[in-house]
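Just one chain is shown here, as structure tokens, and it is the form predicted alone.
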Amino acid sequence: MDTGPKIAQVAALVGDPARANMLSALMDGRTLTASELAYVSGVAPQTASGHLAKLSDAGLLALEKQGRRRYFRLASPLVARMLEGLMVVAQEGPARQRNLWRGGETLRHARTCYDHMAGRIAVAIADRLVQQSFILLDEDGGQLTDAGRSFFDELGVDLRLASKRRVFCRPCLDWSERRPHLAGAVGAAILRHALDHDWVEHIRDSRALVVTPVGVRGLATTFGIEGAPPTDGRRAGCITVPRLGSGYPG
């Protein structure tokens, strides 16, 4: 089956700057009104309505109505995964231009990627779980080991409740760090745990997450990583993983 025309249609929709900004604003899993999306995309409300109609018709956005208000969200995790992949590709270019992050250190430190966590903190968590053999990762997916199940049980995270209709665990290439963080049901559960225990807090109108003092202690105790947030607009807190045993890389 020739999928070229369909790919071209989706690419054309995402390729418009206003629509790209709308989709990016929804990458944290929120629902936003048409007016809010018009604001973040820098276009008039009437123009925004046209863009939103096209994105909805193509299956990239889902619409929810509450009274007179219309709320939009990404249609599925697959859309979020596509956008994250495009962000990674968009960062590529000539060697002198690669790995140049201009999104701000707070956003780089910790942020949401649809329903899971991204950024330095998320990459460090993934590293820790792999190094301790709690999770086995390859390019196609991830598997929780028996030791990993025990770890999450002790943490109070019940992964047995994960929906069978979604991917259980997979690596998601982090577009600022160029290394994987965890997505799927496991990644979503880690973010829920962090939010429920006040380890991180959302920053209004942003995908960025702030690690709280409680979170700094929680990340150190649970994962053995330093999660101190950026101290200013230029420098981020150092993330280190201690050496625990001879099999643990330094």
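For clarity, every value in this text was computed on a predicted model and none was experimentally measured. Each residue number is its position in the shown sequence, starting from 1.
Unshown form predicted together with the DNA; subsequent notes refer to it.
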Completion exercise
Here the chain appears without its partner; judged in the model of the complex, the stretch of 182-190, 40-48, 208-216, 195-203 with heavy atoms within 4.5 Å of the DNA is 40-48
Problem - Every residue of His116, Ile125 and Arg149 near the DNA in the model of the complex, heavy atom within 4.5 Å - result: no
Practice task
Mark Asp16 yes when one of its heavy atoms lies within 4.5 Å of a heavy atom of the DNA in the model of the complex, and no otherwise.
Solution key: yes
Handout entry: Contact label in the model of the complex: Lys54 to the DNA, heavy atom within 4.5 Å
Key = yes
Handout entry: Touches the DNA in the model of the complex: Ala34 (any heavy atom, 4.5 Å)
Key = yes
Exercise for the section: Please run the contact check for Arg70 against the DNA in the model of the complex: heavy atoms, 4.5 angstroms, yes or no? Expected result: yes
